[in-house]
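Heads up, the chain below is alone and in the form predicted alone; it's given as structure tokens.
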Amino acid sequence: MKVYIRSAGNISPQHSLDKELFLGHRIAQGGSRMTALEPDYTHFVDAKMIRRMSRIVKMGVAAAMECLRAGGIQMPEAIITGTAYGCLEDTGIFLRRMIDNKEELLSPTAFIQSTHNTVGAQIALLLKCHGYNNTIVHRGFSFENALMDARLLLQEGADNILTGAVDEITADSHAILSRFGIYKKEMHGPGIPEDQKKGTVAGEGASFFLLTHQAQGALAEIRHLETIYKPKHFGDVENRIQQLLLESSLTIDDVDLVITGHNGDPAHDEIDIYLSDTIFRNKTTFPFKQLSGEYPTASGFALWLTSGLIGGQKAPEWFPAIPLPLKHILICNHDLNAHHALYLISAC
């Protein structure tokens, strides 16, 4: 069963909602956290409803509405959302009020809106979509499993499946995760000790895709998707890439560009360095997380970037030189070197 991307919508730390701005200008955010550039949400949602929405809900709704607008579809047949953290802002608000009020006189609103399926449910309410609606929470594989769920629906005869990935970073979650050494410490200037260079840069964003089995008018084809959990050694990933290409009747020479999950943490980037020295040694690679930051569903941004490159056959001015026309792009992402995802994206 072939799966095609009809359209896409994205909110990220870049100008991803404005194609021309994105092509001409790359934003470099400093520090240990990259924050999404939020648009004027009144272009997507009635102003009265925006007041009741948290950041992650607004980002998800706007990305979904932009995706539907670009695809010329008013009503999807299903909505599938992948998220690892869910609505962290509302979760923090509820927990803080519970402590402040000594577990008495609690408003249920923040709790109701803190559940992981809030984004998918809000999109359905706005669209009045009564079809299949599912939210998948599976850490670094949340988005990949959402795509697999969408593919099963397409095999059953459904079409125009709205599938997305959304995660946010808040001050509380950033502080907690920083204690585990996941994010870089706020250190600047020369002479920084090696143990304080560890960690990556936090990110956030929302990506939605309209998936179909029709090739006409599509941006790109998701030709292959595979996940690997905690490979025993780097050679396992290399072998799976070779097998993926073989199953698609391709070789690494047929791949025009490799999008990698290199995130700047020396401990996690060893796999990317190994692959760059072996199977990717003669390929043009691009570490997409320098645009989006690191978060469990960052592969949604990678897929948005890849589908835009293949669908538009035009690279941003700041992008490395790549051969045109683009026929095949390989996404080789990993979440903290535990959840590895391989995508083969091809031109229609």
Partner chain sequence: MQTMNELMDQLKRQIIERLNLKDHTPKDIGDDAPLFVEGLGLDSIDALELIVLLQQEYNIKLSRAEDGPKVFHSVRTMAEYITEHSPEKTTA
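Residue numbers count along the first chain shown, from 1. For clarity, every value in this text was computed on a predicted model and none was experimentally measured.
Form predicted together with the partner chain: not shown, discussed below.
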Taking the partner chain as it sits in the model of the complex, is Arg52 near enough to touch it, meaning that at least one heavy atom pair lies within 4.5 angstroms?
yes
Thr251 within 4.5 Å of the partner chain in the model of the complex, heavy atoms
no
Contact test in the model of the complex: Ala321 vs the partner chain, heavy atoms, 4.5 Å:
no
Quick one: is Gln242 in contact with the partner chain in the model of the complex, heavy atoms, 4.5 Å cut-off?
no
Within 4.5 Å of the partner chain in the model of the complex, heavy atom basis, the matching stretch of 101-109, 223-231, 74-82, 152-160 is 101-109
